[in-house]
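Next up: just one chain, as structure tokens, the form predicted on its own.
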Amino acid sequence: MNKIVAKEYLSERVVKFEVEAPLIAKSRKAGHFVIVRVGKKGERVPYTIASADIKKGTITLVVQRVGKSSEKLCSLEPGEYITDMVGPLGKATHIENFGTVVCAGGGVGVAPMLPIIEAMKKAGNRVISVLAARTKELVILEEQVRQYSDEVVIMTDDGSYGEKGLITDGVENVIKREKVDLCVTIGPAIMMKFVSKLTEKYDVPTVASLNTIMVDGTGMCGACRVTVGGGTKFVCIDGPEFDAHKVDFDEMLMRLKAYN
């Protein structure tokens, strides 16, 4: 169990792993995540399941090297094992035929967005994917996203690929030209905050996947608590997806600074 069967660098600091996990692959749905641990004294770290292959019994994880734990995971090679992996956790994405759905993914947020894009398309939606990154080299999974999107808009901060601008520019251009029935956004908290502010202005229902710090993943520790609609929610069991227009992003951003 948890054997790494394939490894690919999507960029200098982003690694895609295919991991042996037949039971998780069989039961996972869009929006679910796993918590992994490398080493018996390793930190518990959550990663959204980017895709799954039931026949092969594998799941795909996309990992960004940002600290000691992710460095340890990214150092593993095919044939080696992840010490522990538990899942699928969280609530699955609510999928139905909404009409036109804009999927706005920033940076490594494109990885957890991928299964949502696929599920929304298979449910009969018109899917417009807006991908954003600082530069061309940081745009990931574009080919896979195009397989399930009616249109793909790419925004880069420096204009090295696609259109120059922020993800909000790309989303607003779509909203201005056609009716959007739902927006799903995944990425850095500051990005989701401004996507949410934009869509609220245009009365577009929006769902945000809150990739906050989690520890136990079962709702016991409270490390991932956020305020949604004036009440306290735990991302790991109540989410990870919430009505973006009800999320207190300022509080969330303040809490995330504690981990700097």
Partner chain sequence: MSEYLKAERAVAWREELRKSMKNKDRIAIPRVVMPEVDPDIRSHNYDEVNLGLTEEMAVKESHRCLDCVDPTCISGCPVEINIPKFIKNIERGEFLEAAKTLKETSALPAVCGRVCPQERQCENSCFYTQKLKKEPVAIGHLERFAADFERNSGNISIPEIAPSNGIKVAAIGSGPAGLAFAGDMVKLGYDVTVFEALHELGGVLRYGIPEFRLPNDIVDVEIDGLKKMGVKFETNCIVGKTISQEDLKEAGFKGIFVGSGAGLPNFMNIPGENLIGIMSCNEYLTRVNLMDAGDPDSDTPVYKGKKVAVIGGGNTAMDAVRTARRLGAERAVIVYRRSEVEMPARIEEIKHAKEEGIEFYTLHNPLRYEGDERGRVQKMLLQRMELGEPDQSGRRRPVPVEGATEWMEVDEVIVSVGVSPNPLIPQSFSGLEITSWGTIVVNNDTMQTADDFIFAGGDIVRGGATVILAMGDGRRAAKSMHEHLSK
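Positions refer to the first chain, counted from 1. Treat the numbers as computed from the prediction; the structure is a model and nothing was measured.
One more form of this protein should be noted, the form predicted together with the partner chain, which is absent from this view; the next part is about it.
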property	result
The single option of A119, V153, M85, L141 touching the partner chain in the predicted complex, heavy atom within 4.5 Å	M85
The partner chain contact at I175 in the predicted complex, heavy atom, 4.5 Å	no
Residue contact check: D243 to the partner chain in the predicted complex, 4.5 Å heavy atom	no
V180, heavy atom within 4.5 angstroms of the partner chain in the predicted complex	no
In the predicted complex, I54 touching the partner chain (heavy atom, 4.5 Å)	no
The partner chain in the predicted complex reached by all of G42, G90 and M254, non-hydrogen atom within 4.5 Å	yes
Partner-proximal stretch of 223-231, 54-62, 201-209, 188-196 relative to the partner chain in the predicted complex, 4.5 angstroms, heavy atom	223-231
Neighbours of the partner chain in the predicted complex among 208-224 [non-hydrogen atom within 4.5 angstroms]	I213, V215, D216, T218, G219, M220, C221, G222, A223
